[in-house]
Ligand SMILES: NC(=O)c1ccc[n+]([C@@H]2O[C@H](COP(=O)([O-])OP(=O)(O)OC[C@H]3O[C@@H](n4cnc5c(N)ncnc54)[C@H](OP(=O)(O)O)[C@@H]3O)[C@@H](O)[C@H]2O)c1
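In structure tokens, one chain follows: the form predicted on its own.
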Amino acid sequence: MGVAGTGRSERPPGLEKAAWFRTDLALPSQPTLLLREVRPSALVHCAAIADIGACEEEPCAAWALNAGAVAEVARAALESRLRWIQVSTDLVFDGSRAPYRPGDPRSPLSTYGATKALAERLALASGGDALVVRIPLLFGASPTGGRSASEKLVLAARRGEEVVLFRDEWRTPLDAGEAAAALLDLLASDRTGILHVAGPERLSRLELGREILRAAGLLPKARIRETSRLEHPGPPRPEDLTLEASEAAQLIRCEFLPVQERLARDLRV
């Protein structure tokens, strides 16, 4: 089965074997035109402005891509009778009632979370063969080498910068490669509605950050500032976004390694 990807920029490194279509999905009609050109047999839609700060600074752009494009993808997918997944986030919750199950009410605290919450509603309201999959904080390799939580942290530490790690923000982090494999398994299923995919451990951002720096050989030299999420500027940060993911686990064939083991494989220098 061939794979095609899309983005606003040129083809990222590492994706030479995939067809690549450069387009801006936030522009009117672009999702429909792209799907008509590519004619995929299935679709994983994960295009989004995912940086929380960027969404606060450019809310119009965030709403256009994170929600507006999803509305059009949903219409085009229904027209083509296309099986598709809308990738969402644990940040549709406010962090006050973990662990979160797929049917729990959405309660986002940030513009990013709000745009993704609306995207979920649009996908599910389309009446097509759509599945919403919420994923947690991702670490591991990205095509450009600087987008994931682990990559950003390692790059900053190697530059000698002070890294800020929250001791009171909890997530169920997952390796990006494992998340991708899980999405393909779920795409092949016949499930619709909402599912959660989550890593095997509940860790604070401080615990995860230390594991990342240790695996990269940057402890004890890294400059770490432990702090509270309550001291961070910008929109409120949820306390605990632990995802309950037992339903999806029954449909996923790939094994999620413990964070320490996965990082030791991926980041050891």
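Sequential numbering from 1, following the sequence displayed. Every value quoted in this text rests on a predicted model; they were computed, and no experiment measured them.
Another form exists, predicted together with the named molecule; not displayed. Remarks below refer to it.
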Checklist entry - What stretch, of 162 to 170, 87 to 95, 187 to 195, 101 to 109, brings heavy atoms to within 4.5 Å of the named molecule in the model of the complex? => result 87 to 95
Next on the checklist: Is S246 part of the interface with the named molecule in the model of the complex - any heavy atom within 4.5 Å?
Outcome noted: no
Item to check | the named molecule contact at Q260 in the model of the complex, heavy atom, 4.5 Å | outcome: no
Next on the checklist: Is it the case that R158, even though its partner is missing from this view, gets within 4.5 Å of the named molecule in the model of the complex, heavy atoms only?
Outcome noted: no
Checklist entry - Using 4.5 Å between non-hydrogen atoms, is L138 touching the named molecule in the model of the complex? => result yes
Item to check | Output flag, V154, A222 and R225 jointly within 4.5 Å of the named molecule in the model of the complex, heavy atom basis | outcome: no
Checklist entry - Of A216, L65, L203, L35, which one comes within 4.5 Å of the named molecule in the model of the complex, counting heavy atoms only? => result L65
Checklist entry - Mind listing which residues of 20 to 51 have a heavy atom within 4.5 Å of the named molecule in the model of the complex? => result T23, D24, L25, A26, C46, A47, A48, A50
